[in-house]
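Below: one protein chain in two forms, given as structure tokens, structure 1 then structure 2.
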Structure 1
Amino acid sequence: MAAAQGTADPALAAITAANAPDTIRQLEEWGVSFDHEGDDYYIFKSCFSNSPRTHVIKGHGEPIIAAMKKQIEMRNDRITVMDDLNVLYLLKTDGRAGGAVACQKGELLEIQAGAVVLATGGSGQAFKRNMNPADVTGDGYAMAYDIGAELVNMEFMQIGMGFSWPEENIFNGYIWEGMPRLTDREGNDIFEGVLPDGLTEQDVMHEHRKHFPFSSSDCSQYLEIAVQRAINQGKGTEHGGVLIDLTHMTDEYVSSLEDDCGIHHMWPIAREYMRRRTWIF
């Protein structure tokens, strides 16, 4: 509620918070494994949290998808799964959504339904640069809007810093605690001439450790401003970003840092991912 600065729906936030513990237990029963530290769950302070409450699953969302698929298979007497199917538009019956038309293996398919629930994800691909999977195209928004649904909360897009090369991916906030050096393609420090008096790049990165998304509510904003300024001045790299040096972030260095946002636990996982994907490191 505090992070949303008055824009979050209190009832919805309360439902999410109240249901989280049972959902975690349910996922565990279904075989999803959450990271532990000693006898307890590993939890850390992720974006804008004032206390640690974020759990970690190795493999990100994939174990959740695998567990849910298994549960669906166990209910196959009641659930019909139609895979490899692209829904094109919704059918309107008596002023309500009454089914959909889809394309499956080149054939058009009409599906009648008493009710329609869309779970087609967000619309990250509407942006030229983004870190979303290729199928996050906003199809559900468009299909619902086309038959007269009102779209709400469209302004809640998370815009944040990511890697542009060797692949597009998220740059988690905790990594900033490692104080990486950021330079333009000519090797100049990108913060030069950007920071207000009294603010150092260390202050900016230290603040940004608390959250991934861009925020104008704290001094971390100067990080994105410095990066974008370098790009706007034509000093960005051929991949549309700036250069970041993480080579100093050895185990020894990272374990010597103060950790209140998860860098000790999370950085080795991120670094392992980068190494597996043969990032230059």
Structure 2
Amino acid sequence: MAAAQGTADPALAAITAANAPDTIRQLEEWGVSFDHEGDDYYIFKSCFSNSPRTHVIKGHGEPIIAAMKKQIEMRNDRITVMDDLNVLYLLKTDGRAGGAVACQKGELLEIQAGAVVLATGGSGQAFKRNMNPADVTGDGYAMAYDIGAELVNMEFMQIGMGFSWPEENIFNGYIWEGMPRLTDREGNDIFEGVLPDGLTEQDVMHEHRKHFPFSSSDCSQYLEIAVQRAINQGKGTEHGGVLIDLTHMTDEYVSSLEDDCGIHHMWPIAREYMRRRTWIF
């Protein structure tokens, strides 16, 4: 609630917090493996939290999706899966959503429903550069709006940075505690001329270790401002970003850092992932 600065729904926030422990246990029963440290879960502070609460799953959301798909298959007598169609618009019945019309193999198909849950993600693909899946295009917003739904909090888009080439992957907050060097295509420090007096790039990165998305509530904002200014000035790379140097992040260096953001545990995982996925490591 504090991180939301008064914009979160207290009832929904309470439900999320109260149900999180049981959800973790259920996912484990379904075969999802959470990282452990000793006899307990490995957890760390992230995304504005004031106490460790972030759990770790290798593969991020993919193991959860695999486990849930398996649970659906086990209930195929009660759940019909239709994955070869595109929903075009929702049906409105008695003032509420009552189904949908879809296109399947060139034919229109009407689906009646007692309730409709839209789980189409946001609209990240509205932006030229983004880290969202290709199908996150805002279709759910549009379909709901067309039948009279009230859309709220549309300004809250989680925008964060990540690798854009040769592999696409987001930066979790802990990466900034490693103090990587950021330069434009000419090798110039992107923070030069950006920071207010008395503020260093180390201060900015140390603050950004607390969260992944952009935030204007702390000095971490100058990291994104510096990156965007370099790109706007035509000093970005041929791939549209800036350069990040992580070559100093040896095991010895990382282990020497104070860790309240998960870098000791998480950096080796990220490093090995990038080594497997790219040709430059």
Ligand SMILES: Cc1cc2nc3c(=O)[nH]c(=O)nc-3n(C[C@H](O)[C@H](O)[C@H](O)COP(=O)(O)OP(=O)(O)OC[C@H]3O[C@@H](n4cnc5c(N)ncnc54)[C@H](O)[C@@H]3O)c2cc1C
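The first residue in the sequence of structure 1 is number 1, and each one after it adds one. None of these values were measured; they are calculated from a predicted model. Just so we're on the same page, rigid core means the largest C-alpha set that superposes within 1.5 Å between forms.
**Item:** Of structures 1 and 2, the form predicted alone
**Value:** It is structure 2; that copy is the form predicted alone.
**Request:** Classify residue 108 as shifted (yes) or not shifted (no) between structure 1 and structure 2, where shifted means its C-alpha moves by 2 Å or more with the rigid core superposed.
**Result:** Yes, residue 108 moves 2 Å or more.
**Message:** Rigid core superposed, CA of residue 198 - does it shift 2 Å or more between structure 1 and structure 2?
**Reply:** No: residue 198 shifts by under 2 Å between structure 1 and structure 2.
**Message:** For residue 168, does the CA position differ by 2 Å or more between structure 1 and structure 2 when the superposition is done on the rigid core?
**Reply:** The answer is yes; the displacement is at least 2 Å.
**Request:** After lining up the core, report the Cα displacement of residue 93 between structure 1 and structure 2 in Å, one decimal place.
**Result:** Comparing the two forms, residue 93 shifts 3.3 Å at C-alpha.
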